[in-house]
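So this one's two forms of a single chain, laid out as structure tokens and tagged structure 1 and structure 2.
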Structure 1
């Protein structure tokens, strides 16, 4: 039985086939099935009956996480159109595989609202791709860095007004710390007696972790277009060549500092343990994966960055990892209202894992800085 015969869990029993015909798609609906492991939207792969036509990704959009579909979709449309124009000019390029393609609805909007109020959007499916949750080689790390650097570099000259800020203060270290200290003072879940060592960890580093944010406010680090969610499984690779194709999940594309993307990528790429690893002895930053990712990243963007951006690039992973730990700790103190948890102290476990990674990065910070400098200022590449 095809999924086209199965009703989705919608109040008015809409099917994927009924949603499919609301968009400017080519071909005939054949079947649809759940796709991917994302936690935000409900995602489906729609296959068409014609073998020579595109298949599609359809998503039921989560309006609780992203409050304004128009801002999100306008950002994605502007970014992908700009990328496509640049990619089309490159020899041997494959625009449909090297950037997302937004499919508008038949009433020329970038989304469709069904009769029950659910919001839907559509993209062309990129075939023969693979993504990775774990980075187990320098080659993968290099390609991941290259794709993120290419993404930022290609968008550095996007004309027009600034993109919308889809999640205000998403990587604002000062704001995250302000929220943290507010919850510390309130202690709503009566957990402060448990987290004194973690709070001391935060207190010791709080001011220094605002450095990149403050340099942005001062204008020494320019605001650019950043992805803001550069976890490694958001990068698609060609299944057969192993080359990076593009970065997906563009909901958080908005104005930001390049350090956000670089820092968050290293936090996930170079960590030898899981984000919530209970055995802290397993957590270190793999300096070889750091170097490979940085090499790929800088191969695309180093000629665009200014000296201050370069100077603080190695510090970015420490900041972003620290702030992620602070976010987990804030939620733990607040009673676990934001992140999904699997047990009572899951957010505290996550906090400790992130703070252990921060310590590993701090121990290797001098080497990280030297690697960045060598990659940027090596002979012939000044």
Structure 2
């Protein structure tokens, strides 16, 4: 460790201790460290000195991505309260591990703004968990699917007004493409000369990628409560039993189509490579992982879905992976303002990895459709 790293750690720790005492936390601050690999917030694990008390996750909230903290925190609070009530009734359940728990500030707010204007929020740390960036077994995929299906099913009877739209048009393919073409014409970072092949890839598919969104507008696919960021590492597993625990990162829980969640999960669970893999030969969609995830997911939700939803489930991973590539590419053309990056061309590398995955999915699309049909309509399971 360099001296400068130590100084940074001490400064972090000092700041974190000051923030820690602003919230209704139990226990004494022991230490705070950067945690996880999320692309959006600055996340810290704060451990308490007492071994029998909870540890905490503190996040410096990204106000560039989420313009309205109140909307985000109100949604999360409503959703987690609803889930907790249901989970508490299940025999042998562990509510503090099976859903996020929001910790309010001592002023009874769901967030805190420090003297420099940074916005902070806190959750109970879910202990003894593990999460995966890459999935290597059908059991994990099945469990992940079960957790997302259970999440959607449990929220299907949430009372009250609709949840806030925390990022408008988050999964609106038409809007994402519009923004992309806008940036293409502006070329703010002078990178258009580098991305010609990727732009041709987008042009070729743009129209068909709006299909699911359009079915939503026509009312053929219903709006439900969805998570909207079901990247596999947002699902936590029990470190010892391997059982799925819960899905975290609830900033984008809002009205949506189930396809967004199914597609985004498959984009990450069934990819044989990393989201940003530089060696494209390592990237394929693993059809067995697709099947296992779909099986877990449908075991919780298939009785709720209508025929059109089922019919388009297999197409969703192609759309979401394509749009994710478009989002990375848009950020690259824009000069990297949205996603955290580790090196200069990181967003382009991510784009190429996503587009390679799209091609692999396109080749296996028929098989994906057959699998969904078999899982839903097989004898005795209608």
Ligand code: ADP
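For clarity, a rigid core is taken as the largest C-alpha set superposing within 1.5 Å between two forms. Residue numbers count along the first chain shown, from 1. Only a predicted model underlies this, so the values are computations on that prediction, with no experimental measurement involved.
A.B. asks: Please match the form predicted together with the named molecule to structure 1 or structure 2.
C.D. replies: Looking at both, the form predicted together with the named molecule is number 2.
A.B. asks: Hey, does residue 68 budge by 2 Å or more at the Cα between structure 1 and structure 2 once the core is superposed?
C.D. replies: Residue 68 C-alpha, core-superposed: shift of less than 2 Å.
A.B. asks: Using a superposition on the rigid core, decide whether the Cα position of residue 295 changes by 2 angstroms or more between structure 1 and structure 2.
C.D. replies: No, shifts by less than 2 Å.
A.B. asks: Taking the rigid core as the reference frame, tell me whether residue 312 has a CA displacement of 2 angstroms or more between structure 1 and structure 2.
C.D. replies: No; that C-alpha moves by less than 2 Å between structure 1 and structure 2.
A.B. asks: What does the CA of residue 275 shift by between structure 1 and structure 2 after fitting on the core? Give it in Å to one decimal.
C.D. replies: Reported C-alpha shift between structure 1 and structure 2: 2.6 Å at residue 275.
A.B. asks: Could the core-superposed CA displacement of residue 186 between structure 1 and structure 2 be given in angstrom, to one decimal?
C.D. replies: A shift of 4.3 Å at the C-alpha.
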